[in-house]
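Encoded as structure tokens, the following chain is the form predicted alone, with no partner shown.
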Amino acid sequence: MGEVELSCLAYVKMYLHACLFPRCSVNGLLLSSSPAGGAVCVTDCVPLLHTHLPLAPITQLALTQVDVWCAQTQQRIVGYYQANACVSDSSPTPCALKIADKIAEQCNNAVLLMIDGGKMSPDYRVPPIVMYERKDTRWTLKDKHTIMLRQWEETRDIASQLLDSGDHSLLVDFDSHLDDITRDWTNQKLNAKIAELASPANDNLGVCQLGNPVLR
């Protein structure tokens, strides 16, 4: 598999999801609005659960609804993310592997992303993530030099601003939606807030590769 690029929007929402439920394992789906083939660009994510992650019926319901929404919005599911309740453990759980396998059946370049809770400090130099790719029938660590997040310093600052202002509470995962179906799991309000804080894309601001913090 080639390069994987993670957008500001996708990273910030994953990070806020983990911060909103710090004592829970959380998970979600990685989306792309780019066509299949070539590099994977993760442009958004859908936060799913913060309770009972291994519960198959809820997961299947969420996958089905997200799949329908993606078809309506010209997006596709390209991966899975998870943060474990134990911050010192960033290894994929059986639940993570099972859902990632299901996604890989439909997406050849699917990725499995684990959030490293032990490195989620506001001033960390590189994104606190561990990414896996599927080779044959196994998920193996992906080369850090092929994982990029443009404008990392700005992205990190946006996440911090949203936490400091309390706006991370705008995030709605599928769990919360099931508790109150009036809550929007597509997170349009939060998406707008992130867009408001982000500057226009500018390649000169730099690309962060996990193996080489903030290349300019």
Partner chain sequence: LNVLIIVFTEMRDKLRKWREDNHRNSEQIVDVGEELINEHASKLGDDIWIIYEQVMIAALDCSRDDLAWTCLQELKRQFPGSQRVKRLAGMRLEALEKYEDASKQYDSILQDDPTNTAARKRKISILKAQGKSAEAIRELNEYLEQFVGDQEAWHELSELYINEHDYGKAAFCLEELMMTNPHNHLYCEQYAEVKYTQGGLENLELSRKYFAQALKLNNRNMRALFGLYMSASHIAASPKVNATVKKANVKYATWATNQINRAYQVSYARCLL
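Residue numbers count along the first chain shown, from 1. Everything numeric in this text was worked out from a predicted model, so none of it was measured.
One more form of this protein, predicted in complex with its partner chain, exists but is not displayed; see below.
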Note which of T186, S33, S165, Q60 lies within 4.5 Å of its partner chain in the model of the complex, where distance is taken over heavy atoms; exactly one does.
-> Q60
Check all three, L55, P94 and H177, heavy atom within 4.5 Å of its partner chain in the model of the complex = yes
Within 4.5 Å of its partner chain in the model of the complex, counting heavy atoms only, one of 126-134, 94-102, 113-121, 141-149 shows up; tell me which.
-> 94-102
Interface membership of V68, its partner chain in the model of the complex, 4.5 Å heavy atom rule = no
Residues in 15-43 close to its partner chain in the model of the complex, defined by a heavy atom within 4.5 Å, in order = R23
